[in-house]
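Quick setup: one chain, the form predicted on its own, written in structure tokens, and binding and motion questions come after.
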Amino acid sequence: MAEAAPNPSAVPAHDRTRSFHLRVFGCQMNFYDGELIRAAFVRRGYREAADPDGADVVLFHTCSVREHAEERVHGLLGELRRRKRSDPGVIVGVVGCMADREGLELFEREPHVDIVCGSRHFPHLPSFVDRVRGGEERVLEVGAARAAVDQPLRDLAGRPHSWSAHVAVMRGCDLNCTYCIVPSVRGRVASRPPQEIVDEVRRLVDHGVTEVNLLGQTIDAYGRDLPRDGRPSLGRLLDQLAELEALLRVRLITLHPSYVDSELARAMARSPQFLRLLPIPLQSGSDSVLKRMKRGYDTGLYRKRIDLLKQEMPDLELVSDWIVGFPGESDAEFADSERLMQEIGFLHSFVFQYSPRPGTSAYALDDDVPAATKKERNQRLLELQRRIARQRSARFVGTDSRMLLEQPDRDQPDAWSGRSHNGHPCSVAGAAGYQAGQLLPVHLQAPGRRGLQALALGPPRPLALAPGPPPPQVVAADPSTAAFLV
């Protein structure tokens, strides 16, 4: 189906010269939502400003998983006070999880903010701006919304020029981890119809995308909120995407151990596109800490789920999140995390020091692990993870793989970096004509500085389509403050 182009004549003249600046913090879902926000403004005739000083509308799309992320936004908001005094017409908005969590408190702390928009209301941001321009002093829209965030036909106008894309398959979370703010700010699980997802991916592939990152707070819970009769599942969605021949790689972000089953494991194993690198956060290797976190599993169940996956895919690699210094975490409980990290053998880990979050049940617990101890445990886990990653990469020396080319190697002239079929970072000597997003057959020769050195075994698979023309501007973004979604 042909996509409708924007109709400039339908855009009010006063909007055609308006500009906005968007800064995104947090996880991959926030970056995806940032693209939807950008599209909403572009469709209304706005242009995107590279810096807030040149914008009529300044928006911060926020994360509440860590205190540091929120304080960073408050610092940036503070810098805008002077601008607002000299230019009262500039509109300042706080969007996303922080808006949901703080609500009216944001207006009290930051009186120059005009819009506080929760994570389920951002598609209507341009109309909220209109309300402020029309004389409404402040706009507060948080909590549940009457309409779904994701539209049946996604507007791709806000997507950056890239061979890789994000696609949300579901929203929210039905779990109640004691440290996590996500269910209260993003709501409960809401799965998208599978045909909408497949159609969105097909349209992206038609624009030259060869890799999609499927997103969900607990993506393996996809479909479980829908009626049992004809209920979709993540495994069946992977089967449907396998029919798109020009789609070369599918990544899943992020899973929860409780929802992993044999159907999903078999679907991953038979998928020609699935990147065999799975983020399945463990958070702690101590059963007593996991119980205090209300993660819904113990280490025995986690091991069983990993065994199930590796029976189908022996070459599967894993990624975990870890929280150190959770209330009451003893030296012995932390040592359990070190032992289980070594036992499971994760390829990569994101390690965070526990940060009390208002609105979570763990906030009532005594944050009794000293900051210095949290920092030391953080460093110990990171160093252990680095050693494990080197060991795991060495296991694949001498084997063949399929490497997706991502970008020219920053350390080696005339070389390209990318990832193997199971997520190991690779570097291969570049040849004229290599392009990002191509799939290259390689032999993994030796350990390298940042992964494995690879030798090309043939030419890369030609791209079915070159990536489409870049949009006129790029969404301003900050590095992720939450490695994965949960």
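Computed from a predicted structure; not experimentally measured. Numbers for residues come from their place in the sequence shown, where the first is 1.
Beyond the structure shown, there is the form predicted together with S-adenosyl-L-homocysteine, which is absent from this document and is the topic of what follows.
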Legend entry - Partner contact for F396 in the model of the complex: S-adenosyl-L-homocysteine, 4.5 angstroms, heavy atom: no
Inset, instruction - Using a 4.5 Å heavy atom cut-off, state whether R461 contacts S-adenosyl-L-homocysteine in the model of the complex. - result: no
Inset, instruction - Considering only heavy atoms, tell me if P126 and S-adenosyl-L-homocysteine come within 4.5 Å of each other in the model of the complex. - result: no
Legend entry - in the model of the complex, R66 touching S-adenosyl-L-homocysteine (heavy atom, 4.5 Å): yes
Inset, instruction - Considering S-adenosyl-L-homocysteine in the model of the complex, find the one stretch among 264 to 272, 320 to 328, 102 to 110, 126 to 134 with heavy atoms no farther than 4.5 Å from it. - result: 320 to 328
Inset, instruction - State the residue from R251, R192, R295, H121 whose non-hydrogen atoms include one within 4.5 Å of S-adenosyl-L-homocysteine in the model of the complex. - result: R295
Inset, instruction - May I ask you to choose, among Y179, F334, F346, Y302, the residue with a heavy atom within 4.5 Å of S-adenosyl-L-homocysteine in the model of the complex? - result: Y179
Legend entry - in the model of the complex, residues of 337 to 357 near S-adenosyl-L-homocysteine [heavy atom within 4.5 Å]: F352, Q353, Y354, S355, R357
